[in-house]
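Okay, here we've got a single chain as structure tokens, the form predicted alone, with questions on binding and movement later.
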Amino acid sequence: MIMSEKSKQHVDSCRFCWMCHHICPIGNATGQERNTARARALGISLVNREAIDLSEIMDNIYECCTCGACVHDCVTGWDPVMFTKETRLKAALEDKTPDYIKPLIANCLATGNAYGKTEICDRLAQSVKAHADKKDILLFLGADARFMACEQALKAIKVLEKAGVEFTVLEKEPASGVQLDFLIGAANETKAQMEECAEVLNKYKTVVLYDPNDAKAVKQLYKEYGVEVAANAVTYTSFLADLIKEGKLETKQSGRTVVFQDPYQLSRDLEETEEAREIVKAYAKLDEMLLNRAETVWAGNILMAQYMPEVIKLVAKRRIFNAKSVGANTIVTASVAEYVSLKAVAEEENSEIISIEDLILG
């Protein structure tokens, strides 16, 4: 496998190290050594030395959620996410992507989302239509909210309506490119989606990014791809925090005690941790899980549940266990993907999962 010298250096360093062994959300959920960054590096190094074929390790390569916990904890600066994503790209170029991943990639290319959806639910369609007129502010909902979590998308819109914000929601949103970036890395097709999306975003003065995954893409990954966004791109949580400070959102204490699940895209990648807490504190008493802010543990998502659903359930259950370990029964989320993941096991775990929008709307 032809791999960049930088990635080879990181692979050869990581394969001898256990430094991040304890913080992989997939590895902790499954209890399997194969799910650690070190094991992944070992597999890639065997391919690089032509001991095994690339196809033999690809299941393992797609078990990584790319949350970056390993990168954050590595004091020597190695980056398992980088060489994992590069390996996915090489597999795509060599037609060695697993068969269960290929339909997700094909869906992204054909419909703009990995789920192959083309229509949003009727209620969301009506709500979107009510905000079709072009304003200075664009609310970008993202593929997960639009196609897989219709009710959460509706709540996101209702919160801005409650604050009296004039904004636009697109009937047909362009793909942000973030799902292709996860599935095949820095391919030409990924950059093309990002460029098309940026062209649409640049028609607005401010773009409010509801999904932390899209926020990371637009505010960070686009720069790495050389894609320019001229619009003022802000996260949904930071936008709401400002609305509260300006007195545009009425706040009222609910009396409930909650913990907040930091999305890694906000806390680790964008270094945004306090805005969501300001919102939560305006409506509830906030306690903290032991692993919070930049140390957060990923709680699952919708995309990986398409091909490894049982493991994603284990990941979500483990995060609920983290909350219960500090006596918390209610988890507040700011990520639609984590909300769906946690909600799927909440009843079984006797836990309550609510979104920031739920807190605000009451």
Partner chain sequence: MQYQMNEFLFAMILTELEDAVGKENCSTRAIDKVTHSVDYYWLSRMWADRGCRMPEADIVVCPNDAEEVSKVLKIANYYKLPVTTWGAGGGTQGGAIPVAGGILLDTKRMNKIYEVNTDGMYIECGTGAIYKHIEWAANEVGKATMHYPSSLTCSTVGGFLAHRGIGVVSTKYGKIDDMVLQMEVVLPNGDIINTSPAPKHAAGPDLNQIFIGSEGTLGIITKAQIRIFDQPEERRFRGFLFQDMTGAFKASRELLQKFKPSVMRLYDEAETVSLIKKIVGVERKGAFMNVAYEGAKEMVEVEEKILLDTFKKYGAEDLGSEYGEKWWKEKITFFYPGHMMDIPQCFGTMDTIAPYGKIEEIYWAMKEAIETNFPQAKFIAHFSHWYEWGAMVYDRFIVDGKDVPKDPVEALRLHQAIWTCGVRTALAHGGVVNDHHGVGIKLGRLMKEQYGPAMQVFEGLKKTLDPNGIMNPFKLGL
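Just so it is clear, the model here is predicted, and its values are computed rather than measured. Positions refer to the first chain, counted from 1.
Below, we refer to the form predicted together with its partner chain, which is not included among the displayed structures.
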Counting non-hydrogen atoms within 4.5 angstroms of its partner chain in the model of the complex, say which of Thr66, Thr30, Thr330, Gln306 makes the cut.
Thr30
Since the partner isn't included here, can you check whether its partner chain sits close to all of Met19, Ala51 and Arg318 in the model of the complex (heavy atom within 4.5 Å for each)?
yes
Using the partner position in the model of the complex, report whether Arg15 sits within 4.5 Å of its partner chain, counting heavy atoms only.
yes
So in the model of the complex, does any heavy atom of Cys74 sit within 4.5 Å of its partner chain?
yes
When the contact criterion is heavy atoms within 4.5 Å, does Ala125 count as touching its partner chain in the model of the complex?
no
Does any heavy atom of Leu291 come within 4.5 Å of a heavy atom of its partner chain in the model of the complex?
yes
Residue by residue through 226 to 256, tell me which have a non-hydrogen atom within 4.5 angstroms of its partner chain in the model of the complex.
none
